[in-house]
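In the structure tokens that follow, the same protein chain appears in two forms, which are kept apart as structure 1 and structure 2.
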Structure 1
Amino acid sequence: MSNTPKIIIVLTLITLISGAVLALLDSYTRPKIDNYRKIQENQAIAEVLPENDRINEVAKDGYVFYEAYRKHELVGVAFQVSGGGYQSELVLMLGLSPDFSRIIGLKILSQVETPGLGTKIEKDESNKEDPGWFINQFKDLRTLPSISYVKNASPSRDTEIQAISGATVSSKAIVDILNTHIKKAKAARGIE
């Protein structure tokens, strides 16, 4: 007996059943996964743009802007930016004032920098009182004309942050990402 029909029938059946099973599974797990992602996102937005009561999503020029309102007044804009770090991609959530002149908050969504060195951008265990000192520096930082960093010294201007000693590359990467994306996003939103 030729087994040509058998080949076709068996393989088709297996794929059919597989498709059906996976579709069932998806309908069950998707809400949960989406829900989780939403929570994460909202958390990040809430962290970089506190004091809001409504978030409005606007997609434009490759950015998704989350516009935060308080009592019908635009208080800030958040969006996700990414760029190359020392050895991986850095993904950040950036919250800016509506005219993009001031950073309201910054959160690192994902980073795989050198453990114990580059990872200090997120959490510096050697600084017991304030492990997040590096990222907290960005709060209320002015963005104009551009952000810069200094090494082994306290920042003297309101657009400066202090780099992590030994992890200058990671520190510099964040500053670079912010500078380029703020400029691009400005253009996308048509500010000046």
Structure 2
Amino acid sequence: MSNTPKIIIVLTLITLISGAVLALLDSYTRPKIDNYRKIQENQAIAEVLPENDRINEVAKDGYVFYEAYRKHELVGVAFQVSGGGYQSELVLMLGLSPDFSRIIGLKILSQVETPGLGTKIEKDESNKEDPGWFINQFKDLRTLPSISYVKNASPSRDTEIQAISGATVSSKAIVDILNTHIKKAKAARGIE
């Protein structure tokens, strides 16, 4: 008698048990992961928007906008953007002035760029005085006509940032993501 039916039965049982265990673990961990992501998102929103009394959530054309109000005045708008980096998807929370002409703040939510090079977009360990210098460049940066970057030089315009040496692709990716999504989000909100 052949062992083939026995092997098929054993492998089928192993597959069913493994699938059931994975489904059980997923049902246990998914709510915790989703809750953690929501906490991260709320912290990022608070970081990239100015002080406010309340935040309204508005969905339009594929974007979820977080509108910050002080008294009855709109003081900023935040939304999540993403796009391809050098070797991973970059997920960012972007805070803008109400007319989208100036970046209030930028926070990286997720990135898996090259350790020691591309990861400097979030924290540059080699810069002891200001490890967050790259992201800090975006604060109060003008967005019109578009954001650009320079290599191995200090920015000379109020729409420029300095790219990271050795991680130009990651630096350029953030600039491209921002330019693309700012343009699309402006259209979604009806801002000219």
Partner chain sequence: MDLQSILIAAGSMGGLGLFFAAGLAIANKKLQVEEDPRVTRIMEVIPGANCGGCGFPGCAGFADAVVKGKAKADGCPVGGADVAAKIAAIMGVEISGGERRVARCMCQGGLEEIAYQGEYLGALSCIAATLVSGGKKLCEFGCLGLGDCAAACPFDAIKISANRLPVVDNDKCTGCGKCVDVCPRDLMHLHPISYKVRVLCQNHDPGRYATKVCTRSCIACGLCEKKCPFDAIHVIDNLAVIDYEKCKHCGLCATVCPNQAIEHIRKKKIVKEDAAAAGEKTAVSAAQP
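Numbers given to residues start at 1 and step along the sequence of structure 1. Heads up, when I say rigid core I mean the largest set of C-alphas that superpose within 1.5 Å between the two forms. Just so it is clear, the model here is predicted, and its values are computed rather than measured.
Shown as structure 1 is the form predicted together with its partner chain, with the alternative form given as structure 2. Relative to the superposed core, A59 undergoes a Cα shift smaller than 2 Å between the two structures.
Annotation: Cα of P145 displaced by less than 2 Å between the two structures, core superposition. Note on conformational change between the two structures: the chain splits into two rigid parts whose relative rotation, smaller against larger from C-alpha fits, is 25 degrees. On a core-based overlay, I14 has a Cα shift of 16.1 Å between the two structures.
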